[in-house]
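Encoded as structure tokens, the following chain is the form predicted alone, with no partner shown.
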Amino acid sequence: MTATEPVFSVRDLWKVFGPKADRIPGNAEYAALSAEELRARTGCTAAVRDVSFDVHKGEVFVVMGLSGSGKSTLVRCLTRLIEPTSGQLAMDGEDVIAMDKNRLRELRRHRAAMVFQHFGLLPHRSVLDNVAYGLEIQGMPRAERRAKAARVAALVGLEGLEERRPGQLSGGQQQRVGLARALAVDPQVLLFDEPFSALDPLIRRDMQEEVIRLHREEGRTMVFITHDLNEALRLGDRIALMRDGGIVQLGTPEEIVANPADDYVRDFVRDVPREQVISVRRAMRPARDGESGSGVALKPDTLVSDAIEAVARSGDYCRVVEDGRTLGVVGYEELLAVVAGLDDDAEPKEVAAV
């Protein structure tokens, strides 16, 4: 990841609901209590519990967890739609907690745009005017904002639908309007709060593809909230897996599937097709004499599923090559060990390059 200033920097963040909530963070008496025990003892619910992470420029950072894990509360804390109880929160190095109302309004209107599960479209307005709504709030002249809205609508596949009303659109099309409205204000960060969970599976997949395409073409920073593991693995550069308000594990999809932090995470990823997430960097072994100069070459980030096909086609091992150097080799034995989970707890191989 980039070494520049994080877009969001979160340290020791708490959000506690209940009486005298500010007594909970940092109190050693309550630190070891489960969520149920804390409620019973204090009448308080720690929706976000001592959370720390950075979101880097240009990454898709996924916050994942079951219902009640705190993920939606967390994303709302980032722009203070929900006020944190304690902790540090910065955007581009600027203290978000210390922002006054005007500065906070500017952050929400220009720098970080939300895309919600419920679209919140204005039913009496056309698609184009819904997309342009944030620009209208900013004071942009009508002709200019409609022209920009038309460009953004085309970007997300709404060309030809600009004059329809939301009630004339499918659920997937309505979600595209919500996405276009957020994009129109040209935010630095897009914050998605389970935006596709109400959509049919095929439409949901189309919208996931749309997010992947937009990220690839624009490189925009995204924070994406979901309860769906497959969605998290598909979209995320890194995933923060939450439980009872805290982060249980934070890592790349490959790290989480290959090295689950505890039994809770292990249960979560148990049914994931490992070969579709884990790369040959984790599967390779050192090259033996005579193996470094022959065999099909694969990049280190090649998925095991693709490597299995390559080995099947070649009938032999494949080399893992980076910058012209052979880092290691993989054959059926190494690849099938990944599929079977026999490589659990294995770290990425650091093999001397040949």
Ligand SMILES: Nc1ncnc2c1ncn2[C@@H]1O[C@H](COP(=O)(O)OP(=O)(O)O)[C@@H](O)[C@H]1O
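One rule holds for the numbers: they count along the sequence shown, beginning at 1. It should be emphasised that the depicted structure is a prediction, and the values quoted were computed from it without experimental measurement.
Here the subject shifts to the form predicted in complex with the named molecule, a form of this protein not shown in this document.
With the named molecule omitted here, the record of contacts in the predicted complex names 59-67 of 59-67, 318-326, 22-30, 299-307, defined by a heavy atom within 4.5 Å. Using a 4.5 angstroms threshold between heavy atoms, Ala47 counts as touching the named molecule in the predicted complex. Heavy atoms of Arg285 never reach within 4.5 Å of the named molecule in the predicted complex, leaving it off the interface.
Though the partner is left out of this view, Thr73 does reach within 4.5 Å of the named molecule in the predicted complex, counting heavy atoms only. Within 4.5 angstroms of the named molecule in the predicted complex, the stretch 9-23 places a non-hydrogen atom from Phe17 alone.
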